[in-house]
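Single chain ahead, written as structure tokens, the form predicted on its own.
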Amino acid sequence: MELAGKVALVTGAGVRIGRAIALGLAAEGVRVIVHYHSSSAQAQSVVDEIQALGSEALAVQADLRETARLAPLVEAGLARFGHLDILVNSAAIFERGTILSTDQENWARHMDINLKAPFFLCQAFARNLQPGQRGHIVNIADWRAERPGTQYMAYTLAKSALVALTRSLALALGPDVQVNALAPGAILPPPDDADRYFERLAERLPLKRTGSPDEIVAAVLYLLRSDFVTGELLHVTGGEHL
């Protein structure tokens, strides 16, 4: 796909990896719908940076747990830009929960934000494509999606289902829409990393270093530019998934 002039919706684009993806797309001439939940100031900052790059952007607020707010995210982009070519499902939550400690609220939050919202956004995206229009969907998954774990049960199950959704949509929406997923590893430290676990993690990785959001952006751009990759889960982990 030639990216210049295309329109992308990036969820969770006000902060962290979503922010980096939004700015990376804008640097390639993509116009961006910057979704945010509560990070209003950060989202507006992203819009300002995109405009400084010479592209266009629109910040749109939505609570992804409210299913009725999902299709209007797509519709807002269509109303402003006339079409939507790219959907990046980046917004997610990552909360601890074992088999014994996971309660219904923890379960529901993960399933609603990390799985249900991407599904219905993909549905709204597909419904609004014009006949013959090419499209791309990139879901941000996690290397844990293909590895068993005990500390983040609801998160891991939701991300595993997101990978299955990616592959199912690649079948359902081809040939006009390519659907892929990324599995990031140690890219950014968690906000509450008081004991500097993230720094120590590097020694356990095959490449002996943690990553950066730039590497996620490069992977997203690779998938969007490819015309022959779909249903793929691309690991960007420095080997952590091994």
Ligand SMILES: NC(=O)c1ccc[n+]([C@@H]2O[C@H](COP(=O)([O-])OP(=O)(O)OC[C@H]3O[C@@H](n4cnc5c(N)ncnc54)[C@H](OP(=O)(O)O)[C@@H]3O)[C@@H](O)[C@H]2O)c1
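Predicted model, so just to flag it, every value in this text is computed and none were measured. Each residue number is its position in the shown sequence, starting from 1.
One more form of this protein should be noted, the form predicted together with the ligand, which is absent from this view; the next part is about it.
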Residue contact check: residue 166 to the ligand in the model of the complex, 4.5 Å heavy atom
no
Can residue 49 be called a contact residue for the ligand in the model of the complex at 4.5 Å between heavy atoms?
no
Consider residue 17 of the chain shown here, and say whether it contacts the ligand in the model of the complex, taking contact as heavy atoms within 4.5 Å.
yes
State yes or no: in the model of the complex, is some non-hydrogen atom of residue 207 no more than 4.5 angstroms from a non-hydrogen atom of the ligand?
no
Given the stretches 97 to 105, 167 to 175, 84 to 92, 126 to 134, which is the single one in contact with the ligand in the model of the complex, using a heavy atom cutoff of 4.5 Å?
84 to 92
None of 113, 153, 161, 74 but one has a heavy atom within 4.5 Å of the ligand in the model of the complex; the exception is 113
Of 36 to 67, which residues get within 4.5 Å of the ligand in the model of the complex if you count heavy atoms?
36, 37, 38, 39, 62, 63, 64, 65
